[in-house]
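Starting off, we have a lone chain in the form predicted on its own, written out as structure tokens.
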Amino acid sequence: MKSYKDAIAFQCLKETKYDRSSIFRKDNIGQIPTPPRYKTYPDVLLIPLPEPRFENTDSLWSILKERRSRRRYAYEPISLDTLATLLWATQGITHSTHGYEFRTAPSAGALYPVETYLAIHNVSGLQPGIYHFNVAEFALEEINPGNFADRLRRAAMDQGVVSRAATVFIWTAVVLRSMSKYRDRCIRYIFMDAGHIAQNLHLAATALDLGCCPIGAFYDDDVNELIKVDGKEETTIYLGAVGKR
């Protein structure tokens, strides 16, 4: 009879532990290909984003105190300027050196396996649809036009916050981008990276007097299908809803 200690959660932690004898031990995974550092969609509409606007806000300490998961939003659009500022806060490039571009959120090995997609519902100057954040160009790529608020709500287990939001951040993991260096241990780092990014979004949204709610419960492949990723080498791992308070 199996016990809870046989569950995948426990086995994952066990199998990805480091110790002094195992850290350099060869595994049987074989060679792992390294995907491109940046994902782009060259054959779709590219929409340049405005420069982020660093408005005068409360102190960091006040923002940390104010931060809450907020699920009730006014049905008002957010501006493209505001969206650009939120995107910069999550994954904007802040420094380049020795062939690396460092971002606002840390990443193990500066590999940045997390990609950002947006379900745009109510943003001034943007048609509703699914967009990909092109980090290198600081631009949006329109990959699936249309209003998907209800479909995304159903994919998020009928959480109404998703359809009420002005936009929903959809974060995926390009697993091989981290796995090529860290092998099985990558699974830990990928979710750490996503947590850093989500917290940056939450703090930036709070500073801009917006509501924000991170979401971890959803039907994975329903969201993968919506944003057109394979669910294997790239798969959805986290959502973040944002709207006017």
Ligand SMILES: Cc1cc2nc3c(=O)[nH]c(=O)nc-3n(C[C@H](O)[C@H](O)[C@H](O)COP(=O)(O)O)c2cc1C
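The first residue of the sequence shown is number 1, and the count goes up from there. These figures come from a predicted structure and were not determined experimentally.
The next section is about a form of this same protein that is not shown, the form predicted in complex with the named molecule.
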Evaluate residue 52 for contact with the named molecule in the model of the complex, applying a 4.5 angstroms cut-off between non-hydrogen atoms, and reply yes or no.
no
Does residue 59 make contact with the named molecule in the model of the complex, using a 4.5 Å heavy atom cut-off?
no
In the model of the complex, does residue 29 have a heavy atom within 4.5 Å of the named molecule?
no
Find out whether any non-hydrogen atom of residue 215 is located within 4.5 angstroms of the named molecule in the model of the complex, and reply yes or no.
yes
The one residue among 37, 183, 67, 196 placing a heavy atom within 4.5 Å of the named molecule in the model of the complex is 67
Counting non-hydrogen atoms within 4.5 angstroms of the named molecule in the model of the complex, say which of 147, 79, 159, 104 makes the cut.
159
Which of 104 to 112, 171 to 179, 68 to 76, 137 to 145 lines the interface with the named molecule in the model of the complex (heavy atom within 4.5 Å):
68 to 76
